[in-house]
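In the block that follows, a single chain appears as structure tokens, in the form predicted alone.
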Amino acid sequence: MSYENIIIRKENNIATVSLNRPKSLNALNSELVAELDRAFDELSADSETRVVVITGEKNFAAGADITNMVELTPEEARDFAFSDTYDKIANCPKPVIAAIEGFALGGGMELALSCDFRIAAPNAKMGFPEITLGIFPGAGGTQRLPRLVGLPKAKRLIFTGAIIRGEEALACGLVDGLADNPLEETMSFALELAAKPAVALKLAKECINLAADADIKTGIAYEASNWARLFATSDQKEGMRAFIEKRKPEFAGK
């Protein structure tokens, strides 16, 4: 499948998705997000891909492309929203990591929030400036941000439109790590995850994602069911036999 606004590279069971609108600082438009949507359909079904990394050359994504939004009607705005694609990324059966350099603002930061992990450069600029445009985050920001940083911090960031840098983002939980070369650090982490049993990672992610929405009784029952399912996988047999035999396991992702 060919793409014009993103570049996909695959190596060592890791798919790197690079946003590719450098002249606009990787501002997000409908065409780019539609390509992300198709790409995640492809990558979710690809048995060779075990981890997905999202990044952008020099900038992660400087928000949505405002030139496409000014005259939208409410109905058109709903169609323009990126929520469905971001939900698809959040529910991808593989771990997804954002490597953030430069700007990650508005819809770009919401894209990063849909990933499982975020590793940023110390001087990266992150935030939700939508309030200065007369709107607020509309692609999951008001829902995912409080779950990461807590209600008061989420309200401050969204209500004020403040732009923060790496140290503050790390301190409040907006990102999980800082690195002078975030893509290099991300790829190192991705290699670690790619060596893990893929089915166990997939089912663990499903259980953890459910925890944000379900009561604990429902979550524990779902966890128990998925845990038991793993005993039908070759990776479970390999992992436990390797432990008993005092050797490193070699997981096949099955």
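So that there is no doubt, residue numbering starts at 1 and follows the sequence shown. This structure is a prediction, so every number in the text was calculated from the model and none was measured.
Unshown form predicted in complex with ligand HXC; subsequent notes refer to it.
Colleague: Would V149 count as touching ligand HXC in the predicted complex under a 4.5 Å heavy atom rule?
Modeller: V149: no, not in contact with ligand HXC in the predicted complex.
Colleague: Taking ligand HXC as it sits in the predicted complex, is K23 near enough to touch it, meaning that at least one heavy atom pair lies within 4.5 angstroms?
Modeller: Contact check for K23: yes, within 4.5 Å of ligand HXC in the predicted complex.
Colleague: Using the partner position in the predicted complex, report whether L32 sits within 4.5 Å of ligand HXC, counting heavy atoms only.
Modeller: No.
Colleague: Using heavy atoms and a 4.5 Å limit, would one call I135 a contact residue for ligand HXC in the predicted complex?
Modeller: Yes, I135 is a contact residue.
Colleague: Using heavy atoms only and a 4.5 Å cut-off, determine which of L210, I220, A195, M69 is in contact with ligand HXC in the predicted complex.
Modeller: Contact check passes for M69.
Colleague: Taking ligand HXC in the predicted complex as the reference, which of A112, A120, A139, L174 has a non-hydrogen atom within 4.5 Å?
Modeller: So the residue touching ligand HXC in the predicted complex, by this definition, is A139.
Colleague: Given the stretches 98-106, 176-184, 112-120, 150-158, which is the single one in contact with ligand HXC in the predicted complex, using a heavy atom cutoff of 4.5 Å?
Modeller: In the other structure, the partner sits against 98-106.
Colleague: Does ligand HXC come within 4.5 Å of a heavy atom in each of V17, D46 and I89 in the predicted complex?
Modeller: Looking in the predicted complex, the three residues V17, D46 and I89 all stay beyond 4.5 Å of ligand HXC (heavy atoms).
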